[in-house]
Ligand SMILES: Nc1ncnc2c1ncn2[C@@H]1O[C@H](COP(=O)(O)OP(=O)(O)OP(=O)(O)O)[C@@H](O)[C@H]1O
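In structure tokens, the next block holds one chain alone, the form predicted alone.
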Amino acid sequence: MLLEVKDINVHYGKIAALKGISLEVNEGEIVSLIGANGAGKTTTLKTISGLRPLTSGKILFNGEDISKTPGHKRVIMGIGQAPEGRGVFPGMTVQENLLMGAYTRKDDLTKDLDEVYGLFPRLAERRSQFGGTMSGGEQQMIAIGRALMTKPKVVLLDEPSMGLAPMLIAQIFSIIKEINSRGTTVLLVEQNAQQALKLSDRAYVLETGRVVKSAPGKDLLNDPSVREAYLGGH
């Protein structure tokens, strides 16, 4: 088991954002979290990456309890994240943004940088352009590329298709599949439930801070209640 979240509770002040969430991610899988806005999907990712403290529960990574491990140490251990909203540094070039992902590394970055540019040829063409001048789709590529530069064992992707044109959405999902086929485990939060479930080995449905269903992605695609709630009923 690569990542195990055990009965975690998270509060924003007095408000319970996560109420006893448990989930598992095995090495090599694509696992997605789907649910309405406010269901707790982003909070779950932030808690796994160390950006939100737990009220109670445990997070295990490679069998080690990381519940109290600081976020930057989780990056070194192999948890990378492309956050919701992308978080691109506008005044830095594309290449500088990517290199920010590798700030904890002391090894040679050339091969990994080449791999990111191979996945995203558009970033290679514009490596000297400022991040703030790139389109939404290109900024999403920077965010994913920067997360990959941490050399993650698992990459947490938060709403990678949000606000993108349909053609770019298809491209981002095929890149996620490619990243996974190269050996990186993926935990995906995604509003586009149909695309996420098609891609995922397994998925969890979140409602108001709780897991209400979990099953293989294909089973949830055909589940009438999931279709009704998240796939427009058809």
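Nothing here was measured: the structure is a model prediction, and the numbers come from that model. In case it trips you up, residue 1 is the first one in the sequence shown, and so on.
Another form, the form predicted in complex with this ligand, is not on view; read the next lines as being about it.
This ligand in the predicted bound form comes within 4.5 Å of a heavy atom belonging to Gln191.
Though the partner is left out of this view, Gly50 does not reach within 4.5 Å of this ligand in the predicted bound form, counting heavy atoms only. This ligand is not shown here, and in the predicted bound form it never comes within 4.5 Å of any heavy atom of Val25. Interface membership of Thr185, defined by any non-hydrogen atom within 4.5 Å of this ligand in the predicted bound form, is ruled out.
Contact with this ligand in the predicted bound form, defined as a heavy atom within 4.5 Å, holds for exactly one of Ala39, Ile59, Ile179, Leu199, namely Ala39. Of the residues in 95-127, none comes within 4.5 Å of this ligand in the predicted bound form through any heavy atom.
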